[in-house]
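Only one chain comes next, encoded as structure tokens, the form predicted alone.
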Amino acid sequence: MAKYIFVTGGVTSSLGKGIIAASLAKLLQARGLNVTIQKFDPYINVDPGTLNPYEHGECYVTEDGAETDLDLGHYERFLSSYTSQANNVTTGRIYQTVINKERAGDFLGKTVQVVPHITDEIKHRMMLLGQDEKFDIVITEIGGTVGDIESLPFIEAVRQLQWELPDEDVMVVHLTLIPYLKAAKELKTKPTQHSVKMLSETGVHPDILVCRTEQPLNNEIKRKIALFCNVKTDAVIEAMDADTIYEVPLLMLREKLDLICLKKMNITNYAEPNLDKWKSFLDKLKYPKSKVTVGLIGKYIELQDAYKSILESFVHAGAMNEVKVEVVNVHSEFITNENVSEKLAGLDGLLVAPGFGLRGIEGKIIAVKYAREKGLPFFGICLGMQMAVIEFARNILGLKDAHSTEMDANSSNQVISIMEEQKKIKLMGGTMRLGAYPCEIQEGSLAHQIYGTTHISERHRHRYEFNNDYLNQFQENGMIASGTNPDTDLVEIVEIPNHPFFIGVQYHPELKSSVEIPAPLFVGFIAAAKKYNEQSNIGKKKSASSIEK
């Protein structure tokens, strides 16, 4: 039977429950245990698929096509193992299931209530992954902050599991904040005390307190927290602010978070942690040999979480190439033909990001044109790939009104069109082309060179596709379809062979990038940006030398 660890949060949101959960899972995995992580979110949306990126950050898509919370991206990046539909559950999904059962008569005329019907469904979902014999430990992150009305049913479900399961099979890790008051030059424990008191009033008793802090916690403060929060002193864990989230597992290792959990759960069969690959990655990340500057052209740049997986993929690819990747955010809505040279000056590469809707589209097309004409390494993802197709159609094929059906249904040249199976769909949630699909790559292409194989599988999230009616026209004029879906002939990859590096993909390669297995396209793109930077510097030195002469 699997054992269950619940991670809750108090004092304030955005403390990093997902990172703590992922770090603990990484340490347990490194000791030879099979671990998975799941996220329970208190909002009533069935999933994040219809949420605005400004409000919720990116929507992370799993291998099986589930639209999930961005924390699942952290889980996969840390563990290098896939999550699924079962790893992310919302209040909306819970209530939808219970109401469907009620309509089907499953409750035999009983009054349906939060306790026991809603909490029973929550507990069922919490323990579902634990029924898979391959998992030794299931870590569950409870979204929101203790005290939120929305989180109460989830906390009540945890309370019931603490009562129902043997003590050694369930434990609670509570993440809190120890603020530092500069005026008083003191760390204050009162917010943590109140948070634990509020959690205890619900009947849930934390076994471990992980305390986010800007200053080190001395033994006196740890003893004080332990005394007033009713935990052992060694169960008060210091979580200092780190330069990168990838340092957190090592910080938690130093604090013995994993060993405390193993002792509480009475697990004795484990190995010394093997974190050699992780430490090697961190060394490359901390001590790069050079720097490249990449422009991220997007329309949600005000919120970094909107492009979380892309930014983390840059980190992974940068370490692989031993360079620091400095990302310059450029809002596509403000790019014009007049200022594009100024906006994109000094870049070593250009990535045009995914997105939906008309706003900022023309700026993305202008940016693509600049990269194509200047020989600047270009990488387009999903909508970014579609913008590359539209730009090529307008400026090389001469189809001046070329566009996407999504943006202009009246265009006479819809080089990007809605997928056939999408035409009759009315509901918005969970109806796009989602999850992993195969792709066959043309031998000798840039994509083939990058992946090193002709058969790949990548994750998708889109409704629109390259219009194959125009394929011959594109290929005759220099843009090839180097990757296609073997079942539908859907164009997955386009590239321009006579360009130093120009590639666009319909899928989302950032969703499968992890610390130990970086996304090949990102590694190749950063390698091209590094080469461009080196050649630019050589050109600048030659120019300076000729001026001196």
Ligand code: GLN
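One rule holds for the numbers: they count along the sequence shown, beginning at 1. Please read these numbers as outputs of a predicted model, since none were measured by experiment.
FYI, the form predicted together with this ligand isn't displayed, but the following is about it.
Whether 355, 386 and 462 jointly form a contact site for this ligand in the predicted bound form is the question; each needs a heavy atom within 4.5 Å. All three within 4.5 Å in the predicted bound form.
So which stretch, 377-385, 121-129, 263-271, 168-176, is the one near this ligand in the predicted bound form (non-hydrogen atoms, 4.5 Å)? Residues of 377-385 come within 4.5 Å of the partner.
In the predicted bound form, which of the listed residues (362, 406, 312, 255) lies with a heavy atom within 4.5 Å of this ligand? By the 4.5 Å criterion, the partner-contacting residue is 406.
Any non-hydrogen atom of residue 508 within 4.5 angstroms of this ligand in the predicted bound form: Yes, residue 508 sits close enough to this ligand in the predicted bound form that at least one of its heavy atoms falls within 4.5 Å.
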